[in-house]
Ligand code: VTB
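As a starting point, one isolated chain is supplied in structure tokens, in the form predicted on its own.
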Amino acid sequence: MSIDKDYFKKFIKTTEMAAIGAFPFIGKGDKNAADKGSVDKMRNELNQIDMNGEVVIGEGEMDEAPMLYIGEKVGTHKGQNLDIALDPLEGTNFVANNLPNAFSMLAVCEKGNLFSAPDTYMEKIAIGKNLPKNLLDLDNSVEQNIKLLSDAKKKSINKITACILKRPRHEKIIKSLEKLNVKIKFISDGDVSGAISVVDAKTNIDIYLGIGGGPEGVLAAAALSCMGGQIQTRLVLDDEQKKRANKLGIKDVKRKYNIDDMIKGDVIFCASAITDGDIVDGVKDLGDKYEVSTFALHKNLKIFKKIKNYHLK
């Protein structure tokens, strides 16, 4: 089964309108207003699409998110049954402080084909395409994984570039990478675009690793699934979060998830840039209209493209 091709343009428009919703708040220092601007626009667009949609990864649980909460039904309740993972504004701080790589994004699968990750931390390791399946493993040391990647890519270790969130929790990984003389690209936020960068030739990133958000891990897996990349993840849970994970049906809390465990079947993935990014340019105000750039993927139709669209004010 595939997701109907007619949905592709509609979901692109959804993330583009969400990006426009956040645009007025760039550099205004108000991340909550930026987030609300993108959430309102995204929800409005989703509810105009002829589908039986359900948010499986969203703004949080029902009691903490008034809109686009986990379990919210979206669409006109006519059409295909679809599960949606969304992040109306990835990089709220980037918008508030006018920094690059803020995106509005979503991933869509057929009902039941998207891993509903709890809103907790997740270990991740992601690499690009045309590499042996399940090449790297979270239980390997950093040194082992870098050596495996270096051999598979026929690239010397000092030419490997790793992308990692700049966080105190990554100190041990960073020391290992520095000892190996691996090049490091630090990011301050933007977990999904960091992981996706491994499949974009423009970025020259060979590996993404470290601990970030669980929902962001699934969004990244959706994009990598379309482009032949790889990601392995494992939830990082305290005792309270383990109980929540059990309620979501996750029995083995130490399980490692490869890409096929998180994403099954067909996928549509869209990421529209709000501020200029490594992948596509941010929203441009052209006076009477906005120019919005989107990185858009449809797995079964083998569509991988960067597009610009224009929306009248």
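Start at 1 with the first residue shown and count on from there. Being a predicted model, the structure only gives us computed values, none of them experimental.
What comes next is about the form predicted together with the named molecule, which is not displayed.
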item	value
L237 within 4.5 Å of the named molecule in the predicted bound form, heavy atoms	no
Partner proximity in the predicted bound form: L165 to the named molecule, non-hydrogen atom cutoff 4.5 Å	yes
4.5 angstroms heavy atom contact with the named molecule in the predicted bound form for P118	no
The named molecule contact in the predicted bound form: R169, any heavy atom under 4.5 Å	yes
Contacting member of L224, C109, V192, L209, with respect to the named molecule in the predicted bound form [4.5 Å, heavy atom]	V192
Contact at G91, G213 and E216 by the named molecule in the predicted bound form, all three, heavy atom at most 4.5 Å	yes
Interface segment, criterion being heavy atoms within 4.5 Å of the named molecule in the predicted bound form, picked from 196 to 204, 73 to 81, 146 to 154, 182 to 190	182 to 190
